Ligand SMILES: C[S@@+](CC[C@H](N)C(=O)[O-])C[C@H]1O[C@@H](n2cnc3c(N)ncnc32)[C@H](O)[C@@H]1O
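Here you get one chain, nothing else, as structure tokens; it is the form predicted on its own.
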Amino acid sequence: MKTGSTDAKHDVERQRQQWDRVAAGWEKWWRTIEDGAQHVNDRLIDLADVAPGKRVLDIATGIGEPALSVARRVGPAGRVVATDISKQMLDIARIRASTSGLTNIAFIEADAERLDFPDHSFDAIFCRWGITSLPDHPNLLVKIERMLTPNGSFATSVWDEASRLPLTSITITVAQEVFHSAPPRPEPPPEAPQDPLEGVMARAGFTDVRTEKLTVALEFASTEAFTQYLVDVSPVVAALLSDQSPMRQAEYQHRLVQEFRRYAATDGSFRIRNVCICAVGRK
């Protein structure tokens, strides 16, 4: 029993370190990320029917989305609580909120699977691109349902199946070729769960579960810029490069640039399109 508990604590600490490591990269690239993802924030908020004055929780908020967008929607009479496992990511989120003049949002460092808010605490709960990276997300969904007020809403988004994210596999393939070994996988690959999300949510107690797909397009000035983005923001790539020499790191980035160049536009710019699934359910 102690071994399982120790392993779980170790995994939490490992995840925290992984996300702390790339926090500066997310701060560097947040405008690029949110230019491509703001419509996902907006759609999740609409699906959850968030209105002024509501109480809202955002789980795994990262550097503050969709929490900041929700805070604008609920207004001064509303309240948003945003949680994340990474202190470094939350520090950036706090700065963004302060710069935006948002005073109706609180940030709490917390492991998503160990949240202990009382039942019926929130009118709506969000988790953008974080729910299926958790090993016990079905149990978390049960807890989320309990934390909602009657007729409250949970809205989430997950990445579509890996076959629709072809560029993701390139980072792994090139790593195997350059480093002659399989890279570490500090988190599950970004893909839809084997068990359809609608079914998992229904079994957790949600009703009127609906899903829809949205495309997230990120634009970069060049293939080199996109490769640097991956190095800066991906916990997988950061963990992969952490124990490599500067020469090997440079070789890896150079090989990525060569592989990605075939996907660039004729003017040299680069756009990556990924498909995500948005889902909403009612208590």
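Keep in mind that what you see is a predicted model, and the values were worked out from it rather than measured. Position 1 is the first residue in the sequence shown; the rest follow in order.
Note that the form predicted together with this ligand isn't included here; everything after this is about it.
> In terms of non-hydrogen atoms within 4.5 angstroms, which of the given stretches 196-204, 81-89, 167-175, 148-156 touches this ligand in the predicted bound form?
Every other range fails; the passing one is 81-89.
> Looking at L102, V142, A110, V209 here, can you tell me which has any non-hydrogen atom within 4.5 angstroms of this ligand in the predicted bound form?
Only one option qualifies, and that one is A110.
> Do N274 and this ligand share at least one heavy atom pair within 4.5 Å in the predicted bound form?
Result no; N274 lies far from this ligand in the predicted bound form.
> Do W19 and this ligand come within 4.5 Å of each other in the predicted bound form, heavy atoms counted?
So W19 counts as contacting this ligand.
> Taking 4.5 angstroms as the cut-off for heavy atoms, does A60 touch this ligand in the predicted bound form?
Yes, A60 lies within 4.5 Å of this ligand in the predicted bound form.
> Taking the shortest heavy atom distance, is F117 within 4.5 Å of this ligand in the predicted bound form?
Taking the distances in the predicted bound form, the answer for F117 is no, it never comes within 4.5 Å of this ligand.
> If you look in the predicted bound form, which residues in 117-137 sit within 4.5 Å of this ligand (heavy atoms)?
Counting only heavy atoms within 4.5 Å of this ligand in the predicted bound form, the contacting residues of 117-137 are R128, W129, L134.
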